[in-house]
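Only one chain is included here, represented as C-alpha coordinates and corresponding to the form predicted alone.
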Amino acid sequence: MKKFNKLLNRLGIARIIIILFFIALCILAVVIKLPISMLLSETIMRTGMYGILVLAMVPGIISGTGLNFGIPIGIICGLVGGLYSIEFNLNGFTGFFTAVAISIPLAAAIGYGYGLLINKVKGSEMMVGTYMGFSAVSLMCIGWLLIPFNSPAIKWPIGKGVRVTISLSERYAKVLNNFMNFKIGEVEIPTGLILFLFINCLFMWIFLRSKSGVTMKAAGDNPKFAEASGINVDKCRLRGIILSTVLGAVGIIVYAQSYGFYQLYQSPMMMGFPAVASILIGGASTNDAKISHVLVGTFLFQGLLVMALPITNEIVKEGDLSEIVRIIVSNGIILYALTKAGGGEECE
(Lines give C-alpha, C1' and ligand atoms only; values in the text may rest on other atoms or scores of the structure.)
Protein backbone atom coordinates (compact mmCIF):
# COMPACT_ATOMS: atom_id res chain seq x y z
CA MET A 1 0.00 0.00 0.00
CA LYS A 2 2.86 2.37 0.82
CA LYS A 3 4.47 1.64 -2.54
CA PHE A 4 1.17 2.37 -4.30
CA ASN A 5 0.77 5.68 -2.46
CA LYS A 6 4.37 6.58 -3.29
CA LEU A 7 3.73 5.84 -6.97
CA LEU A 8 0.50 7.84 -6.84
CA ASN A 9 2.27 10.84 -5.33
CA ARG A 10 5.12 10.57 -7.80
CA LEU A 11 2.99 10.40 -10.93
CA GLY A 12 0.04 12.49 -9.79
CA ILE A 13 -3.63 11.58 -10.22
CA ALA A 14 -4.03 13.51 -13.47
CA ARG A 15 -1.03 11.80 -15.07
CA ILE A 16 -2.26 8.36 -14.01
CA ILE A 17 -5.64 9.19 -15.58
CA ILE A 18 -3.89 10.08 -18.85
CA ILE A 19 -1.96 6.79 -18.83
CA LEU A 20 -5.13 4.79 -18.07
CA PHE A 21 -7.01 6.71 -20.76
CA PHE A 22 -4.32 5.80 -23.31
CA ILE A 23 -4.51 2.12 -22.32
CA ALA A 24 -8.31 2.25 -22.56
CA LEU A 25 -8.07 3.72 -26.06
CA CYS A 26 -5.75 0.89 -27.12
CA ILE A 27 -8.22 -1.70 -25.78
CA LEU A 28 -11.16 0.08 -27.41
CA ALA A 29 -9.30 0.15 -30.73
CA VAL A 30 -8.93 -3.64 -30.56
CA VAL A 31 -12.59 -4.12 -29.59
CA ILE A 32 -13.92 -2.08 -32.52
CA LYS A 33 -11.42 -3.82 -34.81
CA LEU A 34 -9.29 -0.87 -35.80
CA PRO A 35 -5.79 -1.70 -37.14
CA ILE A 36 -4.05 -1.40 -33.77
CA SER A 37 -0.67 -2.32 -35.29
CA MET A 38 -0.92 0.62 -37.69
CA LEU A 39 -1.88 2.96 -34.84
CA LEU A 40 1.04 1.78 -32.71
CA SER A 41 3.38 2.18 -35.68
CA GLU A 42 2.15 5.75 -36.14
CA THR A 43 2.58 6.47 -32.43
CA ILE A 44 6.18 5.21 -32.43
CA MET A 45 6.95 7.16 -35.60
CA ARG A 46 5.50 10.39 -34.19
CA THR A 47 7.43 9.88 -30.94
CA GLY A 48 10.69 9.88 -32.90
CA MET A 49 9.44 12.68 -35.11
CA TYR A 50 8.66 15.07 -32.22
CA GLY A 51 11.13 13.76 -29.64
CA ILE A 52 14.04 16.13 -30.24
CA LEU A 53 11.74 19.16 -30.13
CA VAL A 54 10.61 17.96 -26.69
CA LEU A 55 14.23 17.27 -25.70
CA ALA A 56 14.94 20.94 -26.46
CA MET A 57 12.97 21.82 -23.32
CA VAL A 58 15.46 20.06 -21.01
CA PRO A 59 18.45 22.49 -21.10
CA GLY A 60 16.25 25.49 -20.43
CA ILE A 61 14.53 23.83 -17.49
CA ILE A 62 17.79 22.53 -16.02
CA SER A 63 19.52 25.91 -16.30
CA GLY A 64 16.70 27.72 -14.49
CA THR A 65 15.16 29.63 -17.40
CA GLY A 66 12.06 27.44 -17.35
CA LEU A 67 10.02 26.17 -20.27
CA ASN A 68 11.40 27.55 -23.52
CA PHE A 69 8.33 28.89 -25.28
CA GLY A 70 10.77 30.73 -27.56
CA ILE A 71 11.65 27.45 -29.32
CA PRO A 72 10.28 28.82 -32.66
CA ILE A 73 13.52 30.83 -32.80
CA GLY A 74 15.50 27.60 -33.04
CA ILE A 75 12.94 26.11 -35.42
CA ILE A 76 13.44 29.01 -37.82
CA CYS A 77 17.21 28.40 -37.78
CA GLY A 78 16.57 24.76 -38.66
CA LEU A 79 14.28 25.75 -41.52
CA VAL A 80 16.95 28.08 -42.92
CA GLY A 81 19.50 25.26 -42.79
CA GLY A 82 17.04 22.91 -44.46
CA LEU A 83 16.33 25.32 -47.30
CA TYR A 84 20.03 25.85 -47.97
CA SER A 85 20.53 22.09 -48.24
CA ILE A 86 17.90 22.15 -51.00
CA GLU A 87 19.49 25.24 -52.53
CA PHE A 88 22.74 23.25 -52.79
CA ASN A 89 20.78 20.47 -54.53
CA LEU A 90 21.68 17.82 -51.95
CA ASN A 91 19.76 14.60 -51.41
CA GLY A 92 19.60 11.68 -48.98
CA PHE A 93 21.72 11.62 -45.85
CA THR A 94 24.05 14.21 -47.40
CA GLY A 95 21.21 16.70 -47.66
CA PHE A 96 19.87 15.89 -44.19
CA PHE A 97 23.18 16.20 -42.36
CA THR A 98 24.11 19.32 -44.35
CA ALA A 99 20.88 20.92 -43.17
CA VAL A 100 21.79 19.97 -39.59
CA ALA A 101 25.37 21.23 -39.98
CA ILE A 102 24.21 24.62 -41.30
CA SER A 103 21.51 25.06 -38.69
CA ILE A 104 23.63 24.29 -35.60
CA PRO A 105 26.07 27.26 -35.75
CA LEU A 106 23.25 29.55 -36.89
CA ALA A 107 21.07 28.45 -33.97
CA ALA A 108 24.00 28.78 -31.55
CA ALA A 109 24.63 32.37 -32.66
CA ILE A 110 20.94 33.35 -32.55
CA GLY A 111 20.51 31.47 -29.26
CA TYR A 112 23.37 33.46 -27.76
CA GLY A 113 21.58 36.74 -28.47
CA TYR A 114 18.28 35.31 -27.26
CA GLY A 115 19.97 34.07 -24.08
CA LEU A 116 21.42 37.51 -23.34
CA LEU A 117 17.90 38.92 -23.50
CA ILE A 118 16.50 36.17 -21.27
CA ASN A 119 19.17 36.96 -18.66
CA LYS A 120 17.88 40.53 -18.57
CA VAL A 121 14.30 39.51 -17.75
CA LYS A 122 14.75 37.03 -14.89
CA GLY A 123 11.42 35.97 -13.49
CA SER A 124 9.56 36.59 -16.76
CA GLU A 125 11.41 34.16 -19.01
CA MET A 126 8.39 32.19 -20.21
CA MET A 127 6.33 35.27 -21.01
CA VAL A 128 9.19 37.01 -22.81
CA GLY A 129 10.15 33.75 -24.54
CA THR A 130 6.63 33.35 -25.89
CA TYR A 131 6.65 36.92 -27.16
CA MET A 132 10.08 36.46 -28.75
CA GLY A 133 9.03 33.22 -30.43
CA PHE A 134 5.90 34.76 -31.89
CA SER A 135 7.79 37.89 -32.92
CA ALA A 136 10.54 35.88 -34.62
CA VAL A 137 7.98 33.92 -36.66
CA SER A 138 6.17 37.11 -37.71
CA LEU A 139 9.41 38.89 -38.58
CA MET A 140 10.63 35.90 -40.57
CA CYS A 141 7.51 36.09 -42.73
CA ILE A 142 9.25 39.12 -44.24
CA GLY A 143 12.58 37.28 -44.27
CA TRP A 144 11.18 34.43 -46.36
CA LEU A 145 10.29 37.02 -48.99
CA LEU A 146 13.74 38.63 -49.00
CA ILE A 147 16.27 35.78 -48.70
CA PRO A 148 17.62 35.25 -52.24
CA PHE A 149 16.98 31.55 -52.85
CA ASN A 150 17.26 30.50 -56.49
CA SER A 151 16.25 26.84 -56.47
CA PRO A 152 12.97 26.24 -58.36
CA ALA A 153 12.00 23.82 -55.59
CA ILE A 154 12.04 26.68 -53.07
CA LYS A 155 10.99 29.95 -54.69
CA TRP A 156 7.69 30.92 -56.23
CA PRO A 157 7.71 30.59 -60.03
CA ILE A 158 6.44 34.18 -60.29
CA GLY A 159 7.57 37.03 -58.05
CA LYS A 160 9.87 36.93 -55.03
CA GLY A 161 9.99 34.85 -51.91
CA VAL A 162 9.83 31.17 -51.03
CA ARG A 163 6.88 28.80 -51.07
CA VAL A 164 4.75 28.16 -47.99
CA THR A 165 5.24 24.38 -48.25
CA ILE A 166 8.37 22.80 -49.69
CA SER A 167 8.35 19.11 -50.52
CA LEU A 168 11.22 16.83 -49.52
CA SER A 169 9.98 13.83 -51.49
CA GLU A 170 12.88 14.03 -53.96
CA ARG A 171 15.40 15.13 -51.33
CA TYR A 172 15.53 13.37 -47.98
CA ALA A 173 11.94 12.65 -46.99
CA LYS A 174 11.84 9.78 -44.45
CA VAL A 175 15.58 9.19 -44.82
CA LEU A 176 15.80 8.38 -41.10
CA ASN A 177 12.48 6.53 -40.98
CA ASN A 178 13.51 4.11 -43.71
CA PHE A 179 17.04 3.48 -42.44
CA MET A 180 17.21 -0.12 -41.16
CA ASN A 181 13.49 -0.11 -40.41
CA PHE A 182 11.88 -3.43 -39.56
CA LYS A 183 8.63 -4.92 -38.29
CA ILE A 184 7.70 -6.63 -35.05
CA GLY A 185 4.63 -8.49 -36.19
CA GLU A 186 2.67 -5.80 -37.98
CA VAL A 187 4.18 -2.91 -36.00
CA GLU A 188 6.76 -0.99 -38.04
CA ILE A 189 9.81 0.32 -36.21
CA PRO A 190 11.53 3.34 -37.85
CA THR A 191 14.99 2.34 -36.63
CA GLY A 192 16.95 5.32 -37.96
CA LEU A 193 14.47 7.82 -36.54
CA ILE A 194 14.39 6.25 -33.07
CA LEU A 195 18.17 5.75 -33.11
CA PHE A 196 18.76 9.42 -33.95
CA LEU A 197 16.48 10.44 -31.07
CA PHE A 198 18.29 8.12 -28.66
CA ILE A 199 21.69 9.45 -29.77
CA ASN A 200 20.60 13.00 -29.03
CA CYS A 201 19.17 11.89 -25.68
CA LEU A 202 22.47 10.12 -24.92
CA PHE A 203 24.48 13.25 -25.72
CA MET A 204 22.20 15.29 -23.45
CA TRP A 205 22.49 12.67 -20.68
CA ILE A 206 26.29 12.75 -20.93
CA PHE A 207 26.36 16.55 -20.99
CA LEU A 208 24.20 16.80 -17.87
CA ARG A 209 26.74 14.65 -16.05
CA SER A 210 29.73 16.63 -17.25
CA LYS A 211 31.24 19.50 -15.27
CA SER A 212 29.38 22.05 -17.41
CA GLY A 213 26.10 20.19 -17.00
CA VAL A 214 26.44 19.81 -13.24
CA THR A 215 27.23 23.52 -12.76
CA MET A 216 24.33 24.42 -15.04
CA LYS A 217 21.95 22.31 -12.94
CA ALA A 218 23.35 23.79 -9.73
CA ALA A 219 22.74 27.28 -11.09
CA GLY A 220 19.19 26.34 -12.00
CA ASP A 221 18.39 24.64 -8.67
CA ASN A 222 19.68 27.40 -6.39
CA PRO A 223 21.06 30.47 -8.18
CA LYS A 224 22.07 32.35 -5.02
CA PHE A 225 23.95 29.41 -3.53
CA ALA A 226 25.58 28.69 -6.91
CA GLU A 227 26.71 32.30 -7.23
CA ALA A 228 28.11 32.22 -3.69
CA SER A 229 30.05 29.09 -4.69
CA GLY A 230 31.71 30.91 -7.58
CA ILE A 231 29.46 29.67 -10.40
CA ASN A 232 28.61 32.18 -13.11
CA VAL A 233 24.82 31.78 -13.10
CA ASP A 234 24.19 33.98 -16.14
CA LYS A 235 26.70 31.99 -18.16
CA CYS A 236 24.98 28.74 -17.18
CA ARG A 237 21.58 30.13 -18.14
CA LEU A 238 23.01 31.33 -21.43
CA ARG A 239 24.45 27.86 -22.10
CA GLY A 240 21.03 26.29 -21.47
CA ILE A 241 19.27 28.63 -23.90
CA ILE A 242 21.87 28.03 -26.61
CA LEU A 243 21.53 24.25 -26.26
CA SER A 244 17.74 24.51 -26.32
CA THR A 245 17.81 26.65 -29.46
CA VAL A 246 20.23 24.27 -31.21
CA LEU A 247 18.08 21.25 -30.36
CA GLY A 248 15.04 23.10 -31.67
CA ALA A 249 16.83 23.64 -34.99
CA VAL A 250 17.86 19.98 -35.26
CA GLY A 251 14.42 18.86 -34.12
CA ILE A 252 12.52 20.63 -36.89
CA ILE A 253 14.76 19.06 -39.55
CA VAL A 254 14.05 15.60 -38.09
CA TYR A 255 10.35 16.47 -37.95
CA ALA A 256 10.32 17.73 -41.55
CA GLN A 257 12.13 14.70 -43.03
CA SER A 258 9.57 12.46 -41.33
CA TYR A 259 6.63 14.65 -42.35
CA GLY A 260 7.94 15.05 -45.89
CA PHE A 261 7.69 18.85 -46.08
CA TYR A 262 9.13 22.06 -44.73
CA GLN A 263 6.37 24.44 -43.71
CA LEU A 264 7.29 28.10 -43.47
CA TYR A 265 5.75 31.46 -42.57
CA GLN A 266 3.23 31.03 -39.69
CA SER A 267 3.64 27.26 -39.28
CA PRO A 268 6.32 27.33 -36.50
CA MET A 269 4.23 29.72 -34.37
CA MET A 270 2.57 27.16 -32.06
CA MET A 271 5.09 24.31 -32.20
CA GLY A 272 6.45 25.09 -28.75
CA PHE A 273 3.19 24.30 -26.97
CA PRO A 274 2.97 20.56 -27.76
CA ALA A 275 6.64 20.23 -26.77
CA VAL A 276 5.95 21.93 -23.44
CA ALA A 277 2.87 19.78 -22.85
CA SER A 278 4.73 16.57 -23.69
CA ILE A 279 7.59 17.06 -21.25
CA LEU A 280 5.29 18.16 -18.43
CA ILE A 281 3.00 15.18 -18.96
CA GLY A 282 6.11 13.01 -18.86
CA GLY A 283 6.81 14.18 -15.30
CA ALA A 284 8.93 17.32 -15.60
CA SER A 285 8.38 20.60 -13.79
CA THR A 286 9.70 24.10 -14.46
CA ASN A 287 12.86 23.38 -12.46
CA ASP A 288 13.48 19.68 -13.05
CA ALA A 289 13.55 17.57 -16.20
CA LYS A 290 14.99 14.20 -17.15
CA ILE A 291 15.47 12.28 -20.38
CA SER A 292 12.81 9.82 -19.22
CA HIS A 293 10.31 12.69 -19.00
CA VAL A 294 10.98 13.46 -22.66
CA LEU A 295 10.48 9.89 -23.91
CA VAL A 296 7.44 9.04 -21.76
CA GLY A 297 5.74 12.38 -22.31
CA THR A 298 6.21 12.40 -26.08
CA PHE A 299 4.90 8.84 -26.41
CA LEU A 300 1.81 9.58 -24.28
CA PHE A 301 0.98 12.87 -25.97
CA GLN A 302 1.34 11.55 -29.51
CA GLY A 303 -0.30 8.23 -28.63
CA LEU A 304 -3.43 9.96 -27.35
CA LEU A 305 -3.73 12.00 -30.53
CA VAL A 306 -3.13 9.01 -32.80
CA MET A 307 -5.61 6.75 -30.99
CA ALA A 308 -8.41 9.20 -30.23
CA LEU A 309 -9.18 10.43 -33.75
CA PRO A 310 -9.90 7.15 -35.62
CA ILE A 311 -11.78 5.73 -32.61
CA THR A 312 -14.07 8.76 -32.54
CA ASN A 313 -14.72 8.56 -36.29
CA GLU A 314 -15.51 4.86 -35.98
CA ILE A 315 -17.95 5.33 -33.10
CA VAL A 316 -19.66 8.43 -34.53
CA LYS A 317 -19.98 7.72 -38.24
CA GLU A 318 -22.15 10.71 -39.14
CA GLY A 319 -20.02 13.70 -39.99
CA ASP A 320 -16.30 14.14 -39.53
CA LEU A 321 -15.42 14.82 -35.90
CA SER A 322 -11.70 14.16 -36.29
CA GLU A 323 -10.70 17.84 -36.33
CA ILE A 324 -12.93 18.66 -33.36
CA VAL A 325 -11.57 15.72 -31.37
CA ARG A 326 -8.00 16.61 -32.31
CA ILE A 327 -8.49 20.13 -30.95
CA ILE A 328 -10.21 18.89 -27.77
CA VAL A 329 -7.60 16.22 -27.07
CA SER A 330 -4.50 18.24 -27.94
CA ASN A 331 -5.60 21.49 -26.31
CA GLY A 332 -7.02 19.63 -23.31
CA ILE A 333 -3.67 17.93 -22.71
CA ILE A 334 -1.82 21.21 -23.18
CA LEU A 335 -4.19 22.94 -20.74
CA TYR A 336 -3.54 20.26 -18.13
CA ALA A 337 0.20 20.46 -18.72
CA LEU A 338 0.31 24.22 -18.40
CA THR A 339 -1.56 24.08 -15.09
CA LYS A 340 1.42 22.07 -13.84
CA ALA A 341 3.90 24.67 -15.07
CA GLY A 342 4.37 25.94 -11.58
CA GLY A 343 5.94 22.62 -10.58
CA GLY A 344 5.07 20.84 -7.39
CA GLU A 345 5.05 17.39 -5.97
CA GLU A 346 2.77 15.99 -8.62
CA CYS A 347 5.32 16.76 -11.27
CA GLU A 348 8.35 15.53 -9.39
Partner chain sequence: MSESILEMKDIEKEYFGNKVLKGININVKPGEIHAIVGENGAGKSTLMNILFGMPVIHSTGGFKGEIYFNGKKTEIKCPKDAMNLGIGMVHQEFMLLPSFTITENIKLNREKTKNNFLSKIMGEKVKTLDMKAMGADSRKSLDKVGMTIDEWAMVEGLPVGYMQFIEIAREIDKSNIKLLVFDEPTAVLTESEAEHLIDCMKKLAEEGIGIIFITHRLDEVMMAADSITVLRDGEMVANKKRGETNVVELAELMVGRKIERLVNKNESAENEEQKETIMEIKNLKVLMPGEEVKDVSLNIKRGEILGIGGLAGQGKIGIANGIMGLYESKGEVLFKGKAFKLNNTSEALKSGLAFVSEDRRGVGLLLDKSMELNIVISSMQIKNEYLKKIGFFTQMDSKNIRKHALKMINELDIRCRGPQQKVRQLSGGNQQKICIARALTLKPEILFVSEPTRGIDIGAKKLILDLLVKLNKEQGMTIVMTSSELSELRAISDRIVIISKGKIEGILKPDDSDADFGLMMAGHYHKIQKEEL
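Predicted model, so just to flag it, every value in this text is computed and none were measured. Residue numbers count along the first chain shown, from 1.
Below: the form predicted in complex with its partner chain, not depicted.
Enquirer: Please run the contact check for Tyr131 against its partner chain in the model of the complex: heavy atoms, 4.5 angstroms, yes or no?
Expert: No, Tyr131 sits far enough from its partner chain in the model of the complex that none of its heavy atoms falls within 4.5 Å.
Enquirer: With the cut-off set at 4.5 Å between non-hydrogen atoms, does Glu186 touch its partner chain in the model of the complex?
Expert: Judged by the heavy-atom cut-off of 4.5 Å, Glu186 is well away from its partner chain in the model of the complex.
Enquirer: My question is simply whether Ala228 lines the interface with its partner chain in the model of the complex - judged by any non-hydrogen atom within 4.5 Å.
Expert: Output for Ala228 is yes: heavy atoms within 4.5 Å of its partner chain.
Enquirer: Check whether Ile206 has any heavy atom within 4.5 Å of a heavy atom of its partner chain in the model of the complex, and answer yes or no.
Expert: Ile206 belongs to the contact set for its partner chain.
Enquirer: So which of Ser210, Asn150, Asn89, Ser169 reaches within 4.5 angstroms of its partner chain in the model of the complex, heavy atom to heavy atom?
Expert: The residue from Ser210, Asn150, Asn89, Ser169 that makes the contact is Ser210.
Enquirer: Just to be sure I understand the contacts: of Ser124, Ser138, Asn178, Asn222, which is the one whose heavy atoms reach within 4.5 angstroms of its partner chain in the model of the complex?
Expert: Selected option: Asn222.
Enquirer: Pick from 90 to 98, 198 to 206, 139 to 147, 270 to 278: which stretch has a heavy atom within 4.5 Å of its partner chain in the model of the complex?
Expert: Partner-contacting stretch among the options: 198 to 206.
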